[in-house]
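So this first bit is one chain, no partners, the form predicted on its own, shown in structure tokens.
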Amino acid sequence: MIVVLKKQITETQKHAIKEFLKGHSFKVKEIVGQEETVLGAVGERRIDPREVLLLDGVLEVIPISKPYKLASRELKKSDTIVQVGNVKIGGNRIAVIAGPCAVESREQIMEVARKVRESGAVILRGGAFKPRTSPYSFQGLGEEGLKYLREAGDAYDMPIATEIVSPGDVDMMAGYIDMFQIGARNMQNFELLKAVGKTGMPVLLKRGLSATIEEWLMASEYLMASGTDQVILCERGIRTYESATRNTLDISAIPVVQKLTHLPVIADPSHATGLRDMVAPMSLSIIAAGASGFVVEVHNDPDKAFSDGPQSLYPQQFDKLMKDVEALCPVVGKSLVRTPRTRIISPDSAVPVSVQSDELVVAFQGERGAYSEQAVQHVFDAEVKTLACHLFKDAFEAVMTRKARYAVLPVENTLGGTVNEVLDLLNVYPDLTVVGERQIRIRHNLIGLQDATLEGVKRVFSHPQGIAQCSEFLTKEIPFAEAVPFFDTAGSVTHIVEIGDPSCVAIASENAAKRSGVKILRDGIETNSRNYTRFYVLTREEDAQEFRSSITADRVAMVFSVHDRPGSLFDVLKTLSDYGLNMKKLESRPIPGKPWEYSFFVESELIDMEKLHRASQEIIEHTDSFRILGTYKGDT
């Protein structure tokens, strides 16, 4: 059963509920959501739900009909995000696991790790213990292989995953690896499942050769009932009558399983097909079906591989596949997981060297003196260290790779409207969240060299929005001047200094003029003095609480796409209305790769976090995809 706890429940009341359930032979698992906490109670005994409902602190009791209680989506509506080292798997992320079938030597695994990391893999796989059909086949290097695998993972900042075949190896292997893999042949090795589950570590659970979906989910239940909630399901092909391929890849199982469980689902096209030429098209099919990633075998010399050479990709094939996957991600509304390199390999040794810094750095788009840099100083302070980025995407990447802890980027201007590129990027960087907002007045100035005059102006450089916002001045005062679009307002000032021609001027801020040592020919030239730009403050999910701890959020931003049927958008908007979420902004954006299909960006007032949580659960039922981009304090 699911025991929904009241929001104001005390720790004493919660403890009493747990003890009551345990006293009736239930295993109890606490699940803390964004806005509510539930207890999952599973066991063989039956109890009248009214007995639980009468306990202090209980809001609701919901029975679970599925035999797999903890893995069921009845227990948890939202997707589970599994954390493997520094990698998150699940939700709208695509994570790629790659490496050789077997660890053959230190040199081999180090070379393969380097190549798959460079191409975009985020978790390194490799077998140290190999269960083989023939007792005469290579069985793996054992603990020596684990040491090599660990060294390669540390060197290239990749968590490692490898298969376990014996319950007696659990403690030894746990000291080396980041994720256990349960192979197809061991899916119903229940003693092994229980031993691995007790560690609480992430587990990659492969589907058995002839297992039904329910049997597969029941195997995951063994793991979860034993102690871990970090389970990834892996479809790897099932045994059928067909002999043209090694197995039959059951891609249809992916969307089916996603409806039944909150656990992330990936697939293994290497073992499913057994032929490297089929791995790439099947990988793309897996992503198109909605999986959260895939695991593939890559070898630096497949023809000499100790095992499964015919199904192992050459590094160049894997590199091409990763480029194709990145192109496909926007079509399915997901983004490719990328992780920052916090270590580098010294040229003189294989010793990892830390490159991470704890210094507070805030990224913005543009050059020094840009309005975005002013916004940074308004949010933080004038002394904060800033990182100027040429493109909006560069600022997102700076936060993702920890070159900066925050980014401050424009999202809307009162005259120019929405900054669509920033909205689109928000939708494809799932590990970044909105934590703040700041509005600043945009006061444009006509800036020139020291010997420039208004009468001598021939060309005006600025960002297209800057030019548009000063159109009345340009038309009346310098009608014969050519307006030349530039990537950034502050950058246009630097550009005219480099040109050195007094007939070339720029439209930018006062700070930009001061930084470049040039003069302001005319200040306040914007057409409308009520010219304001609204900026978002972005950071990584794990750093969000640091910023939010000092504020009370009263705004929420979300993005979703709807089913192609009459009234689908209305259903979502009605849900917002029913829960009292006063919508402040609604914007549609085309979905890349899906002509004439759109996602919707919504900003809403936020009064009650519990209502937001309940509204989100209903919205999920009405949408193809849904994500809360962040909660924050509005700057009004």
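We number the residues from 1 along the sequence you see. These figures come from a predicted structure and were not determined experimentally.
Keep in mind that the form predicted in complex with a small molecule is missing from the display, and what follows is about it.
- Among 185, 320, 114, 338, the residue placing a heavy atom within 4.5 Å of the small molecule in the predicted bound form is 185.
- Taking a 4.5 Å heavy atom cutoff to the small molecule in the predicted bound form, the contact residue among 555, 403, 463, 271 is 271.
- With the small molecule left out of view, the stretch that reaches within 4.5 Å of it through heavy atoms in the predicted bound form is, among 490-498, 122-130, 423-431, 88-96, 122-130.
- Not displayed here, the small molecule is kept clear of residue 373 by more than 4.5 Å at the level of heavy atoms in the predicted bound form.
- Heavy atoms of residue 181 reach within 4.5 Å of the small molecule in the predicted bound form, making it an interface residue.
- In the predicted bound form, residue 236 approaches the small molecule with a heavy atom inside 4.5 Å.
- In the predicted bound form, residue 367 stays away from the small molecule, with no heavy atom inside 4.5 Å.
- With respect to the small molecule in the predicted bound form, the three residues 444, 478 and 526 uniformly fall beyond 4.5 angstroms at the level of their nearest heavy atom.
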